[in-house]
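Given as structure tokens, the chain that follows is alone and in the form predicted on its own.
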């Protein structure tokens, strides 16, 4: 297991290193004149040249990338024309629009998105896996057809439609919940939960449909195996077979899919954050793209990529715990 963990950690670090190269090349090498983008369209040629010198854009590309990587690992100094501004590690630069450190900006938005993603993640696992198990247990009956229809409907329904319906029903018609306004957990845990309840369910209902279908198909595949027929022949109850064997066979694909969804959701919940007015990472990424704030865009893409890699690494470890044959492979 120790060797397996070391291989996975080394692989994750290599992927993050490769990601940094690709992201830097796409956003800093490909766009053209980064100094013009950073300075703005109204800058004179002299001002653009001054920005180019401050950002050290006259250096070779590999030297610029080395400074970028050095900033992430150890921090770096930025010239402001008359003085040096130090950026502590992990340094992702300064925003072109606000002159704020990108790392500080991300750290301010990260708890908001983490609150949304963690809560929705728990709900979509519970609802999705529970619905899949229930549909297998009730297979061949009317309830199974109803659950199958609901999961297909959930898969085909956009998240903004689900969110609007939840707002209309629970905020306007029934008036059971206030319109969501993000409240930090440290200020008021109860209001934090009530204000995130609708965004959690809007995101979870969409994602849980996939997990219900995946759980159902995986369990049905396991139930068709020869060893399950042997258990039935020896008089093992159907409930015990579902709990001990069929559900266990569905764990591995659910772990793999949940890792990918959990990581990408840090940057993929754009519609949910925009609909409910949640000031998270995805919404900040959209705003940074609009104004071509390259350091913020690059920083957010790197952070989202980090969570994707981290989630998949954790999934590999959980997969190995669930099936020790993975460690030996």
Partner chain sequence: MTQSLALLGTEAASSSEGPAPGTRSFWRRLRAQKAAMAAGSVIALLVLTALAAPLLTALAGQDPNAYHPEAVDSAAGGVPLGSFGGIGAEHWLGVEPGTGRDLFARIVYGARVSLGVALFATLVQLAIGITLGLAAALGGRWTDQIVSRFTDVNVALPLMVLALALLAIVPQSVPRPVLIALVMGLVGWSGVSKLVRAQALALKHADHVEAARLSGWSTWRIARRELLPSLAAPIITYAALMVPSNISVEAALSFLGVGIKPPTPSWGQMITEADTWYQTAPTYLLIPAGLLFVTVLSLTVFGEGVRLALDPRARTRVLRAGKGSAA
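This one's a predicted model, so the numbers in the text were calculated from it and none came from an experiment. Residue numbers count along the first chain shown, from 1. Superpose the two forms; the largest set of C-alphas matching within 1.5 Å is the rigid core.
If you look for the form predicted in complex with its partner chain, you will not find it shown, but the lines that follow are about it.
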Practice task
Among 115 to 123, 69 to 77, 189 to 197, 137 to 145, mark the stretch whose residues have heavy atoms within 4.5 Å of its partner chain in the predicted complex.
Solution key: 137 to 145
Problem - Site check 149, 161 and 213: each within 4.5 Å of its partner chain in the predicted complex by heavy atom - result: yes
Problem - Contact flag, residue 27 vs its partner chain in the predicted complex, heavy atom cut 4.5 Å - result: yes
Problem - its partner chain contact in the predicted complex: residue 18, any heavy atom under 4.5 Å - result: yes
Practice task
Look up in the predicted complex whether residue 104 has a non-hydrogen atom within 4.5 angstroms of its partner chain, and give yes or no.
Solution key: no
Exercise for the section: Using the partner position in the predicted complex, report whether residue 321 sits within 4.5 Å of its partner chain, counting heavy atoms only. Expected result: no
Exercise for the section: Determine the residues of 274 to 304 with a heavy atom within 4.5 Å of its partner chain in the predicted complex and present them in sequence order; the list may be empty. Expected result: 274, 275, 285, 286, 289, 290, 292, 294, 297, 301, 304
Exercise for the section: Examine residue 61 after superposing the rigid core and state whether its CA is displaced by 2 Å or more between this form and the one not shown. Expected result: no
